[in-house]
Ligand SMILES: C[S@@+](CC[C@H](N)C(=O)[O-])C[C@H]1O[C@@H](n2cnc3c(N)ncnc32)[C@H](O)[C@@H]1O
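Here's a solo chain for you in structure tokens, the form predicted alone.
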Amino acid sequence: MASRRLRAFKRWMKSQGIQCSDTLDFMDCPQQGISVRALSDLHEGDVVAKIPKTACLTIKTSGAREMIESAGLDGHLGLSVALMYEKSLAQDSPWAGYLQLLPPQECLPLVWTLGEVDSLLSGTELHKAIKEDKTLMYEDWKENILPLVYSAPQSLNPSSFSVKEYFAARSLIASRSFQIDEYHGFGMVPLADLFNHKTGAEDVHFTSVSPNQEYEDDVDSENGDNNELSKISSHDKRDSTCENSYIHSDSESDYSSVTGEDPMMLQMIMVREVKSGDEVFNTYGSLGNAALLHRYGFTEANNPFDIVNIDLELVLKWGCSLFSSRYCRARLSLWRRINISGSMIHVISWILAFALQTRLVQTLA
């Protein structure tokens, strides 16, 4: 039996024109959260859902659009304000039926305390990165959102836009937002964000049709990174002349008449067979556990794409203990000339150093 919040969400989806196949079922587990399962066998090519872009929570569809755009905010900053604004409206928000399904925040390291970051991530590649993230995001909030709240023409509750709420919104956006199209950018996509991740086991694929463009994959976006998906907010409860009404362009109408596809509609299509009773998975990309934890707040056991980065300075120090400094500098110069950098240089440098050591041992033998 569906939980109360799932029943409310299904009613909301229907009111927004979201079409979800009867072959999908939602499970609400207190320990594991919501998952999507097949009620009957699903086949490759089956369209299991259609989502209007108007049901997506974006800067363009939010009631805070004018305030956000007047302040020159976009990207994660702008979408965070849109999300915080709609959450502050509670039941008066057009997305109330969707927002009540979301957790207050996702358990990304971004929202951990500094003590938790130090104790749980010390010695890992994420330790420094998370601290830098927290510092930069705090500065973003202080410089852009705090002044916006107190200068906004409408009355806003400062507690709904606090630094804690901003970090919570950023955690939800990092783990749940999808790229929609050029007009909407990326946003929160109801229904699409309920599918759990499984590495290398994508069952359902999200596609978006836009003018002069083929279907787009929901490849790792950062969901704009992570998933390229879309959302629709059909009939906003505000007046149809308000700023977040979406106007169909002539190019979109022409495209639809030629292809027979609705450019305002997103589709969820099966890309592999799923047996009745099995969970239906999305995939966020071929990511190691450090990336999964950083972006989505979870790791995966026996992840085949997991890697261990080794600091370049450590490799050079170790290499110089075996070879001359001139030899090591030459190797480093070569790696930089062929444009190997970041984590890749860490991995490749380790492999090359290991190969050189092995060769030296063989030579001495």
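Please read these numbers as outputs of a predicted model, since none were measured by experiment. One rule holds for the numbers: they count along the sequence shown, beginning at 1.
As for the form predicted in complex with the named molecule, it is not shown, yet the points below apply to it.
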Problem - Open or blocked, the named molecule overlaid from its pose in the model of the complex onto this form, 2.4 Å backbone/C-beta test - result: open
Exercise for the section: Would you check, heavy atoms only and a 4.5 Å threshold, whether E106 touches the named molecule in the model of the complex? Expected result: yes
Problem - is_contact(A49, the named molecule) in the model of the complex, heavy atom dist at most 4.5 Å - result: no
Problem - Contact of E202 with the named molecule in the model of the complex (heavy atom, 4.5 Å) - result: no
Handout entry: Any non-hydrogen atom of E165 within 4.5 angstroms of the named molecule in the model of the complex
Key = no
Problem - One residue of F298, F323, F26, F305 in contact with the named molecule, assessed in the model of the complex (non-hydrogen atom, 4.5 angstroms) - result: F298
Completion exercise
In this chain shown alone, the residue from H184, R170, K87, H197 with a heavy atom within 4.5 Å of the named molecule in the model of the complex is H197
Problem - Segment that reaches the named molecule in the model of the complex - one of 49 to 57, 63 to 71, 325 to 333, 33 to 41, heavy atoms within 4.5 Å - result: 33 to 41
Handout entry: Residues in 61 to 94 with any heavy atom within 4.5 Å of the named molecule in the model of the complex
Key = none
